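In structure tokens, one chain follows: the form predicted on its own.
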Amino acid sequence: MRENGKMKNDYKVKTENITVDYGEKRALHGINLNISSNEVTSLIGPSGCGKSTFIRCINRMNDLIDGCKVNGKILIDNEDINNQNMDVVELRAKVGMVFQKPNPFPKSIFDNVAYGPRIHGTVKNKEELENMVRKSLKRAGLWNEVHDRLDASGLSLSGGQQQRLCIARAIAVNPDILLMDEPCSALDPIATAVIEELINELKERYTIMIVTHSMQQAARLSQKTAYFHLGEMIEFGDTSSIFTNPKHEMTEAYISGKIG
């Protein structure tokens, strides 16, 4: 079966009729959204519209919220992640997450990046661990700035460097998917530009979903964009089409600034 010219099996993530309830309040209403490999998909929309709730479904972070119930089907590589046999620790290694505010551990730069490989046992010895830390910091565009002070605290870095450290930490366990929840909103324009350049490079290796309030950022970074409003996905498609020729009047109203 084809969808938008692609074979359905090409999708990295497929979601079918996802609903999320926080107690009595429904936060997401039947979301159907398929994500292609090695692309950046942006989720845009007003605050409180369900963007972050949706990406937290992809690595089951909502499991950690009391009273939160997720229904529907989420497939990653055609495997149901809500299956009772799913190892959630393994899932969260496969689906890395970077949050709005940089949140390095109060450990050294080296230990921040080494944390995941140590926990998951993905390296056999000290040499492999050092190689993984170096490779992850290089991929995150941070190696040249910190290679001579790996013993310094991750908290000693600037905000933009801390966010790249968190990206290095996320990719150190070789994930397939990176979820980014407004990764630049706490950063200045220069640090934001560095992170955006990094995201452009990382999509060659990872499937990336980014929640952003910046429509300019979505337009710059993503190949696909989904517009959410009040817990519903109003429109999804190629980013260029969403921004230049939206099919739904609500999308057009948001992009033109009539609602927000």
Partner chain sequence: MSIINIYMIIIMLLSISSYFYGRNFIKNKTSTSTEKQHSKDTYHGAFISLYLILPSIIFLSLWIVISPNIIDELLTIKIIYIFGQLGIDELKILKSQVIALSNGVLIAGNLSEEVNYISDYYLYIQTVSKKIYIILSCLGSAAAFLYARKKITIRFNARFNVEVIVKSIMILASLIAILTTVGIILSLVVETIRFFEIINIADFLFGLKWSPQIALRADQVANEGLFGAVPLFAGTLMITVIAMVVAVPIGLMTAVYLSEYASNTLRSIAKPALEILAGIPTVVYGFFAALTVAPFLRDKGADIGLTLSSESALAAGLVMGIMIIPLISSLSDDVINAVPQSLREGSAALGSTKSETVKKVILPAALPGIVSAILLAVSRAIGETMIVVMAAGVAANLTANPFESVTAVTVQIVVLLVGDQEFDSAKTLAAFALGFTLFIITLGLNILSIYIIRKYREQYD
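Keep in mind it's a predicted model, so treat the numbers as computed, not measured. Residue numbers count along the first chain shown, from 1.
The discussion below concerns the form predicted in complex with the partner chain, not included here.
A.B. asks: Please check if Arg169 has a heavy atom lying within 4.5 Å of any heavy atom of the partner chain in the model of the complex.
C.D. replies: The answer is yes: Arg169 has a heavy atom within 4.5 Å of the partner chain.
A.B. asks: Answer yes if any heavy atom of Leu155 is within 4.5 Å of a heavy atom of the partner chain in the model of the complex; otherwise answer no.
C.D. replies: Taking the distances in the model of the complex, the answer for Leu155 is yes, it comes within 4.5 Å of the partner chain.
A.B. asks: Under a 4.5 Å heavy atom criterion, is His120 part of the interface with the partner chain in the model of the complex?
C.D. replies: Looking in the model of the complex, residue contacts with the partner chain include His120, since a heavy atom lies within 4.5 Å.
A.B. asks: Just to confirm, Thr212 within 4.5 Å of the partner chain in the model of the complex by heavy atoms?
C.D. replies: Flag for Thr212 set to no.
A.B. asks: Check each of Ser222, Asn59, Thr207, Thr53 and return the one that places a heavy atom within 4.5 angstroms of the partner chain in the model of the complex.
C.D. replies: After the contact test, the surviving option is Asn59.
A.B. asks: Ok, Leu187, Val146, Ala93, Ile76: which has a heavy atom sitting within 4.5 Å of the partner chain in the model of the complex?
C.D. replies: Selected residue: Ala93.
A.B. asks: Considering the partner chain in the model of the complex, find the one stretch among 136-144, 122-130, 68-76, 97-105 with heavy atoms no farther than 4.5 Å from it.
C.D. replies: Selected stretch: 97-105.
A.B. asks: Establish, in the model of the complex, whether Phe110, Leu150 and Val194 all lie within 4.5 Å of the partner chain, using non-hydrogen atoms for the distance.
C.D. replies: None of them does, since no heavy atom lies within 4.5 Å of the partner.
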